[in-house]
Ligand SMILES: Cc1cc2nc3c(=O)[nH]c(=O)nc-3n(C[C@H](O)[C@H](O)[C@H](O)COP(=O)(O)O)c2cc1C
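Presented below, as structure tokens, is a lone chain in the form predicted alone.
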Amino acid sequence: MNTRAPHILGIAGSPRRHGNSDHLLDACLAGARAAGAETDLLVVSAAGIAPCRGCNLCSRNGHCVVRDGMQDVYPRLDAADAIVVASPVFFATVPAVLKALYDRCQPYWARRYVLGQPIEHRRPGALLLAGGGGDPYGHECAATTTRSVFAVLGLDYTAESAIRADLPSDTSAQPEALERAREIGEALARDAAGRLGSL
């Protein structure tokens, strides 16, 4: 039986630091730590991730040929026992910096669907979104895109929280949103710990 503390990776998907989605992520990771997890923060905007070239070379061996910051991100994705993504909503989906990371997960797709490599074990995943109120198309595209990436990473989409935040500091006036994020973090830690215990 595995008795180590679960490792939770938080992915900050905004191109701007310390905004609403970052505040949600901070609360979520604090909740995970309170429940006994170790946490790791990945700031996508500082990771140096180029867009996917669409070259399909990863279909040969399941590895990306582009040498940039994503080479440091892959092992962090692999090492996580659970992952939570926090993002603003830009034109109904995730911003370009986060979408670049998502697209660079193509090697995982190639491993699953071209090379036939199975997912060794399932992990929990969650999404925290902060969007303005002026877009009539909502946030469903951001959630769908994230679900697609989670699927190839072997993540079960276990929780989602989406808030309306029109100003950079709107979360300061929404304590219930921060508490919900904290609860998601606690649940992720408990879920991940339970799955580790069954390995």
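Note that this is a predicted model, so its numbers are computed, not measured. Counting begins at 1, following the sequence as shown.
Keep in mind that the form predicted together with this ligand is missing from the display, and what follows is about it.
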property: Selected contact from Ala130, Leu29, Val44, Ala142, since only one has a non-hydrogen atom within 4.5 angstroms of this ligand in the predicted bound form; result: Ala130
property: Contact of Ala92 with this ligand in the predicted bound form (heavy atom, 4.5 Å); result: yes
property: Close approach of Arg190 to this ligand in the predicted bound form, 4.5 Å, heavy atom; result: no
property: Residue contact check: Gly134 to this ligand in the predicted bound form, 4.5 Å heavy atom; result: yes
property: 4.5 Å heavy atom contact, Pro107 and this ligand in the predicted bound form; result: no
property: Interface segment, criterion being heavy atoms within 4.5 Å of this ligand in the predicted bound form, picked from 30-38, 134-142, 61-69, 153-161; result: 134-142
property: Interface residues of 19-40 toward this ligand, as seen in the predicted bound form [heavy atoms, 4.5 Å]; result: Gly19, Asn20, Ser21, Asp22
